[in-house]
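Taking the form predicted alone, here's one chain by itself in structure tokens.
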């Protein structure tokens, strides 16, 4: 219980810092609106292709907008911890009786909170433009939970980079590492309609299976044969990356 209490103090401190920058939520809303504007309307005719799973391309696109947002948030979470490391705040905490893993938990928790706010903003935009969720309200909750876990997993990649390099430049530019994970997916076109090397690469990308699960809940509902592979991949990804981030954090704070 002590570690949870300490983590909550660090979480609240990070939350106050984040809330002092409300433009970040505004940016999430604007970026998602721009994605719908740039891709939703121009590509709407794609739904006429044989085998396309829905007639509503905005709904098809919603999963991509959400997943892409949380994947690219990995470097943001890392910057929270790196800023505290560079400022000497973490060193001061480590000299106190605070459990060092409270710092890590507080950082992951604020990353999860930011992801929830970001996903909620995107879902709000989707609802305003007329997207209807086949999975209903439970589906909205499931999408929010799944993509929040994905954001935490991607944040762990950023944390590993941050504690390994302790470089602001490298950590800020780590979003380039997340780009293949976001774009080598069936974000704009069902995987069945993809060909060549791109179709093969999509099948090797773990984020693809999570994206398909999220999209299935949105446009088809509870089709478990498509949802379960994404769920297992998500849980495995979280387990591996959280464990790796914990190991690197322990090594860096010894």
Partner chain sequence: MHAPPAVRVRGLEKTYPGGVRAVDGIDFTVQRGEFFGLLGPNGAGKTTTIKILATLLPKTAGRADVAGIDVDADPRAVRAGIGVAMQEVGLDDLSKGRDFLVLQGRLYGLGRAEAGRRADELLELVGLAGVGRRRIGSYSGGMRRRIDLVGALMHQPAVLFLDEPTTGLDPQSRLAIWEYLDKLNERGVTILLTTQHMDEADRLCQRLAIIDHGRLVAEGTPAELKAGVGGDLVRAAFGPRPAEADGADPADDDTAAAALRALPMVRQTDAAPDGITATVADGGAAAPEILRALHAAGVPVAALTVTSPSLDDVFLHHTGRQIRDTDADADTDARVWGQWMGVNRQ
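Note that the structure is a prediction, hence the values are computed from the model and not measured. Numbering follows the first chain given and starts at 1.
One more form of this protein should be noted, the form predicted in complex with its partner chain, which is absent from this view; the next part is about it.
Comment: 91-99 is the region of 121-129, 177-185, 147-155, 91-99 lying near its partner chain in the model of the complex, near meaning a non-hydrogen atom within 4.5 Å. Its partner chain is not drawn, but in the model of the complex it has a heavy atom within 4.5 Å of residue 10. Residue 20 belongs to the set of residues with a heavy atom inside 4.5 Å of its partner chain in the model of the complex. Within this chain, residue 163 lines the site of its partner chain in the model of the complex, having a heavy atom no more than 4.5 Å away.
Using a 4.5 angstroms limit between non-hydrogen atoms, residue 87 touches its partner chain in the model of the complex. If you take 219-254 and check each residue for a heavy atom within 4.5 Å of its partner chain in the model of the complex, you get 251, 252, 253, 254, in sequence order.
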